[in-house]
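Below sits a lone chain in C-alpha cells, taken as the form predicted on its own.
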C-alpha cells in the first residue's frame, strides 16, 4: 500500500510538472480522449483505408490517426470540479443531440408494440425490424452477397455496426430515467449525471420494474409485488422468504459503493457528492434496466465498447461471467466488479474514490448466493427439457423451434434447456465493414464474447452486448447475415415466434 501511495504521488507530481512546463495540456473532462504525444509512433490509417507507410510500425496496427496506442491508465490530474461541471453542462445538449441524430439515422424508433406482454404484464414486446437499410438495398440483396461484397460496397446497415456510448470519450454508467426517478423518490439519492442522459426511448427497454422469481420459492411468483426493490423496502418484501445469509446478500447488492462517476470526489459526474452506485442500480430487481457503460477490459479508450446491462436471471446455471473476462464463478465476478470494474478497470484511481474491497466469506459469498437464486420467468409452453409442448405451441412456434435446432443453427451456441453453452464465441462481424471512428468510438473487431442465455429473452431488449439490436426481429436479421443462413421471410417470422416462447 505504501508503495502504491508513493507511485501515485510520483506519477501525479510528474504530470503536474509537465503541465506546468507546457508539455501537456490538462483534460477538461475526466476520462476524455487524450491526443498522442508529439513523438508518438502510433500507426496512422489514411481516410481511404489501409495503413500509412510513414511509420516504422506500418502494417502492425489498424488504429486511425489521433489515437494514443500507449494509453492504459485514465488521467490522474484533472481540473477542479466546478470547471469540469460547467464545461460538461455547456456541452450536454450537443452531446445528446449528436447521439440522437445517430440513433435516428440508424433505426426506426417508433413505438410499435405486439400483443405479447413481458413477464409481469407491465409492457408489451416491441415488434418489427428497426435497423434501417442503405438506400436501394433489401434484406434479400444482402443475404445474397458475400461478406467481402457487403464490405466492398459499404452496404452493411449502420445499425449493425457497434453502438457507441452517448459520450464515449468519458464513458461511465448511464442509468435509465425510470430508475433514476425511482431511487430519488425511495432513497433521495441522485443517479442523474449532469453531462449526459440515457439515449434510447423508454418503449424499447425492459418493463419497469421487472418481476423477481426465486428458485427456492417458485410458488410465490413475482416476489417484488410490482415494486422496485431498494435498501428501504427489501426487508419488508423478503422477510420470511430468505435466510439471514441470503437477506444479507440482497442488502449488499442494494448498498451503494463508490464508482468512477458516482462518488464523493471532484471526479464525479453528479452534482452532489455521492455514496456511489449499487449493483441493482443497473440490475433492477436482479434483472436489467438496460443501463449501459463501457467495458473495463479494453484499451485505449477509443477501443472500449458500449456494454448493455445483462440480466442476472439464471445465474445459478452459468459457468463463466463477464462479457470479455471469462471469470469462473459469480464470486470472482462480484469481487472484480467492486475492486476494479467499478472504476473502468483502473485500480490506480480506485483508492482515491473509495474502493470497496469486500471480504470473500462475509460479503461476496452472500451476494453470490442471492444472485444464484434468481430464476427465469415462467415459460408455460416449454416442457422440462426446454422444448415446446406441442399441445400449447402454435404452428409458427413449432416451425421456429425446428429452425432453431436445425437450419438456423442457433442451438450450437444456445442449447436447451437453458439456451446457453457457457462458452465465448467470436462472430467476426468485421468481415462486413471497415472500422471507423463513430462518435468517439473506433468500431474495431470485438473478439470473443460470452454467450448469453436466451431464456426469458423477450424481457431483455435491446440485444447483443452493446444493445445495437432493438428487437428480436433485428436480431434474427443480424444473425441471418452473420451466419449466412439465407432464411426466407416466413422462416424469420417463425424463428422470432419461437424466441418469444423461451
Ligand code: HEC
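Residue numbers count along the first chain shown, from 1. The structure displayed is predicted, hence computed values, not measured ones.
Keep in mind the form predicted together with this ligand is missing from the figure; the text below concerns it.
The stretch that touches this ligand in the model of the complex, counting heavy atoms within 4.5 Å, is 366-374, out of 366-374, 157-165, 217-225, 140-148. Not one of 95, 125 and 205 is positioned with any heavy atom within 4.5 Å of this ligand in the model of the complex.
Among residues of the shown chain, residue 450 is one whose heavy atoms approach this ligand to within 4.5 Å in the model of the complex.
Looking at residue 275, you'd find every heavy atom of it more than 4.5 angstroms from this ligand in the model of the complex. Interface residue remark: residue 437 is not counted as part of the site for this ligand in the model of the complex, having no heavy atom within 4.5 Å. Within this chain, residue 465 lines the site of this ligand in the model of the complex, having a heavy atom no more than 4.5 Å away. Proximity to this ligand in the model of the complex, taken as a non-hydrogen atom within 4.5 angstroms, holds for one residue of 84, 312, 350, 229, which is 312. Contact with this ligand in the model of the complex, defined as a heavy atom within 4.5 Å, holds for exactly one of 344, 302, 195, 308, namely 308. Heavy atoms closer than or equal to 4.5 Å to this ligand in the model of the complex belong, across 390-427, to the residues 404, 408, 409, 410, 413, 414, 425, 427, ordered by sequence position.
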